[in-house]
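For reference, the chain that follows is the form predicted alone, supplied as structure tokens.
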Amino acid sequence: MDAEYDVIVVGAGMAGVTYARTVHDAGQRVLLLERSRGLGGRMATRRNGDDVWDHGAQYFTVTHPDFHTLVTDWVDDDLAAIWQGRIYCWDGETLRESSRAIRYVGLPGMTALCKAMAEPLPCRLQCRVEALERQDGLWRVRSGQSIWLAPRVVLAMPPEQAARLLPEEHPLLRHTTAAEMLPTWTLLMSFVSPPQLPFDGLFINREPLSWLADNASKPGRPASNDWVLHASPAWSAAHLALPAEEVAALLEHAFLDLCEQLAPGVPVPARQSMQAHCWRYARPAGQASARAFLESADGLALIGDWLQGGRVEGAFLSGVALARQHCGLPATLDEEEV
């Protein structure tokens, strides 16, 4: 017998979990489906023995008062803390201190926040949704031999992935095809001892790298010698089809060259391991849209950070705005501001 819910959420990143938890707390029957092995989406933490890397979102900042309230609760509950690392910028010639923005991280990893929010929710992991079908006023959500029913379905995922699930000629399709997402190749490196570099995080305005960070400099992380490198969107797109091993070798060479520029004559410790991972839909190419969410009259809706210019806060605002509308709660964002 098919299980029926008030709403089914496909995608358990920050937007999907925020929406699901908000409607759950308001008394609605919600089911959360996630195709990966864990929660969090790009708020991801990878572990290999004693090595730990936040290989997706590196941190998050706060500007909206509603998100500030939630983050304050996270800090009070030891789920988040301020990263007081030395953050610099490099343009190929000058190393300068970055802005003094307050940067938060999840504890003990970025995944902790979505895990805590989703704890009371019915959730199916490693569940790849294959089809959405409309029947008798309900949506049939199918994954393998399993089928769930609900009058509303929320797709909390990048637009390209949502487009594959939307029915043919659905009115939301034009929004997914108009949105562009940029990729990011990520390199996870482990060393036998700490690299001697004058920063904990570095924004790089020169190809091929755009960011690198000492993961152990973040609060709550083990004292390992693990570094995360992000390639620029342009470089990542140009090398999207390369095998991960080849990408890893190219980015390692770029890292070693950068070390020589920033710490000339200082030897780089021997590498213990490295692996490359591609975030195919890492960030939106454009600015925030005019709406925090998109919804059609038949009960399908789209949410995600891609509608709010990226960032963890954008994902939260997208999810909570739709949830509050569905629950009849006061809006998080004024419609003219989202």
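The structure presented is a predicted model; accordingly, all values stated were derived computationally and were not measured. All residue numbers refer to positions in the sequence shown, first residue = 1.
A second form of this protein, the form predicted together with a small molecule, is not displayed here; the remarks below concern that form.
Novice: Applying a 4.5 Å heavy atom distance criterion, does Gln161 contact the small molecule in the predicted bound form?
Specialist: Within the cut-off, so yes.
Novice: Can any non-hydrogen atom of Ala12 be found within 4.5 angstroms of the small molecule in the predicted bound form?
Specialist: Within the cut-off, so yes.
Novice: Given that the small molecule is not shown alongside this chain, does Val129 nevertheless sit within 4.5 Å of it in the predicted bound form, heavy atom to heavy atom?
Specialist: Val129: contacts the small molecule in the predicted bound form.
Novice: I'd like to know if Arg46 sits close to the small molecule in the predicted bound form, meaning any non-hydrogen atom pair within 4.5 angstroms.
Specialist: Outside the cut-off, so no.
Novice: Just to confirm the contact call: exactly one of 22 to 30, 290 to 298, 266 to 274, 54 to 62 touches the small molecule in the predicted bound form at a 4.5 Å heavy atom cutoff, so which is it?
Specialist: It is 54 to 62 that comes within 4.5 Å of the partner.
Novice: So the small molecule isn't shown here. In the predicted bound form, which residue out of Cys123, Leu138, Leu165, Cys89 has a non-hydrogen atom within 4.5 Å of it?
Specialist: So the residue touching the small molecule in the predicted bound form, by this definition, is Leu165.
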